[in-house]
Every structure is written in C-alpha cells, then in structure tokens.
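One chain comes next, on its own, written out as structure tokens in the form predicted alone.
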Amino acid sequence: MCSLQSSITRSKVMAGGDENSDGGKTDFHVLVVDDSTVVRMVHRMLMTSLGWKVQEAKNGKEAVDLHINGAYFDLIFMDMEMPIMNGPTATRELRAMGVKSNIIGVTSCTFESAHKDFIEAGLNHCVSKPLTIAMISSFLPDSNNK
C-alpha cells in the first residue's frame, strides 16, 4: 500500500494535481472512451486517485461529439473496439478536427496489425488493458515543459 500511495503522490505532483509554482491548483482533464461500464469505472478510479478530472464517453462518436461541442482534454484514453464508432475511426476524426490532445489507444487485442492501424489513425501511444498507475503516469507531459 505504501508504494502505491507513494506512486500516486508522485504522479499527482507530475500531473500538476498538487500546488504549482503559482500556489494554485492545476486541472488535468482526461477523457476515458470505452464501451465497457466496468472498464470506465476502473479507469476513472485510477485517474481520480491522481487528482485528475475525468469525463467518460461510451463510444468514439460520443468522444467526437464532446469535442465538436467545445470540450478540451489534456489526455484521451481511447478503446479500440466499440459499437457505433470504433477507436481508430474516432481518432482519425479527432485528428482531422485539429485535436492536439495526447490520445492513448487502450486495447485487449493482441494482433499487431490491429495495433498498427490504430496507431496510424493518429495515436500517440497504444497499450494493453488493464491500465495501471505506472502506465498512466508514463503518459504525463514532462513537468519541465510546462
């Protein structure tokens, strides 16, 4: 438990969830896109434990619609296989709209050709489920670049 708490604390600092140099809080907004209620719940719990603000979408179309309506996210975790609009299609649409957020593909699919198509859609990274605190923390921007 101590190592997990230490990891969470370190990640909060890296994410700007604790005080920044101006003495105020920095908000880090994340979108979790997955058709599985359980996966969304687990990912939300992990990310809120880091002090992040989390919004959810059940499929790629909901993610695209959020952006059309002016939403902005620092980080997007996008499932690959979803009904209505899958991850690769949603990622292509988001990039075509000019969305610059880091998009992390999250999948249980082990076929390299599927990963390749997903990455070519415009992902920054592609990882296998389940996500962990360490995995999530590795996608944080370098605090020296802020």
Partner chain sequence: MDLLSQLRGQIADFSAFLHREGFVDDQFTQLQKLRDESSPGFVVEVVSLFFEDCEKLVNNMAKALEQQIVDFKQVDSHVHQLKGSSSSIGAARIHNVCIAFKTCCEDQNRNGCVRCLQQVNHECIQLKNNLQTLFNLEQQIIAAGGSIPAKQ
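Residue numbers count along the first chain shown, from 1. Just so it is clear, the model here is predicted, and its values are computed rather than measured.
Another form, the form predicted in complex with the partner chain, is not on view; read the next lines as being about it.
* With the partner left out of view, is Ser49 within 4.5 angstroms of the partner chain in the predicted bound form by any non-hydrogen atom? -> Within the cut-off, so yes.
* Look up in the predicted bound form whether Ile133 has a non-hydrogen atom within 4.5 angstroms of the partner chain, and give yes or no. => The answer is yes: Ile133 has a heavy atom within 4.5 Å of the partner chain.
* Asked: Does any heavy atom of Gln55 come within 4.5 Å of a heavy atom of the partner chain in the predicted bound form?
  -> The answer is no: Gln55 has no heavy atom within 4.5 Å of the partner chain.
* May I ask you to check whether Thr89 falls inside a 4.5 Å heavy atom distance of the partner chain in the predicted bound form? => Looking in the predicted bound form, residue contacts with the partner chain do not include Thr89, since no heavy atom lies within 4.5 Å.
* Mind checking whether each of Val38, Phe111 and Lys129 has a heavy atom within 4.5 Å of the partner chain in the predicted bound form? -> Yes, each of Val38, Phe111 and Lys129 comes within 4.5 Å of the partner chain in the predicted bound form.
* To do: Just give me the single entry in Val99, Ile119, Met85, Val42 that has a non-hydrogen atom within 4.5 angstroms of the partner chain in the predicted bound form.
  => Contact residue from the list: Val42.
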